[in-house]
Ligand SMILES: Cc1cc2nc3c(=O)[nH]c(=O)nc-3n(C[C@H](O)[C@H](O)[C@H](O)COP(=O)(O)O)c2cc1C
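One chain follows as structure tokens, the form predicted alone.
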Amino acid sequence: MIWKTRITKITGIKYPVVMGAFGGWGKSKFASSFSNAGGLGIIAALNFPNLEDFKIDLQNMKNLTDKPFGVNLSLPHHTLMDTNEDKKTKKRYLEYLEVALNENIKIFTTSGFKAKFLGDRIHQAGGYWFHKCVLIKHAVAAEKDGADAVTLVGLEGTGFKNPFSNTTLINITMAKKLLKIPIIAAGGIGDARGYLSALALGADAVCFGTALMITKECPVALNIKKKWLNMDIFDEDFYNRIFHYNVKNFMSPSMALGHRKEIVPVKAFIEEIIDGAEKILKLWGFKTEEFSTL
């Protein structure tokens, strides 16, 4: 089946699936496996304290895949003002950006806080800027700042949260009413039904985080992957880590764990999602060979 959404149209990817930005792990070897499987692999720039190492990894990515991929720039979780220290921080991010632009990267994702200063430069160079946030009001602000798409992370997800976070269900259905730009859904999605449901809610793509961390290519330690596979997502402690706001819990895996039963290659993971979604559509009477939200 051919999958067409505004995100596949912008990026040129085969399936409307996007790799999360993995601090420490989002490098070319892992990201290329996701791109080669039909999604948008993401290299996290801040994994490389040295700009030359970042450049080398981008070049390595192009040797490992001829498919589309993007670069993530995660900003600090606070406003960058005009202090000397904040000016240095902005300059550093722009240096990362210039390295990527010089390597002809066209797709960039940002997160953390307002990234208009990066988005403006990305647009000046003819690229696309996707901003990740957890609140609808921040998504609306990102659209006003010129973002080409937003990723909205629901409460079921992992990472830094906000005490006023909403569920993926509310985030995506409300964003569809309030935004004109494409929406990427994230938060607790780990199987074919979750993927298909997100598209039905109004998303133009799905971003996978925790579910990808228990694939073979993810460089997370094997003992951690096994621990997560055996974790009870309905355990009271796990529930509290996910649904009760606490910055100390930001590295807790998401509710998507409940859908994963074994460690598989990234390619098999994506094929499972897409094949499962196509089977569901056929059960519902979907007869064409193209799924389009355009």
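Only a predicted model underlies this, so the values are computations on that prediction, with no experimental measurement involved. One rule holds for the numbers: they count along the sequence shown, beginning at 1.
Not pictured, yet referred to below: the form predicted together with this ligand.
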This ligand contact at P16 in the model of the complex, heavy atom, 4.5 Å: no
D148 within 4.5 Å of this ligand in the model of the complex, heavy atoms: no
Proximity of W129 to this ligand in the model of the complex, heavy atoms at 4.5 Å: no
S254: touches this ligand in the model of the complex, heavy atom cutoff 4.5 angstroms: yes
Options 194-202, 209-217, 93-101, 172-180; stretch whose heavy atom lies within 4.5 Å of this ligand in the model of the complex: 209-217
Joint contact, T11, G41 and I122 to this ligand in the model of the complex, by non-hydrogen atom at 4.5 Å: no
Members of 99-118 lying within 4.5 angstroms of this ligand, judged by heavy atom, in the model of the complex: S111
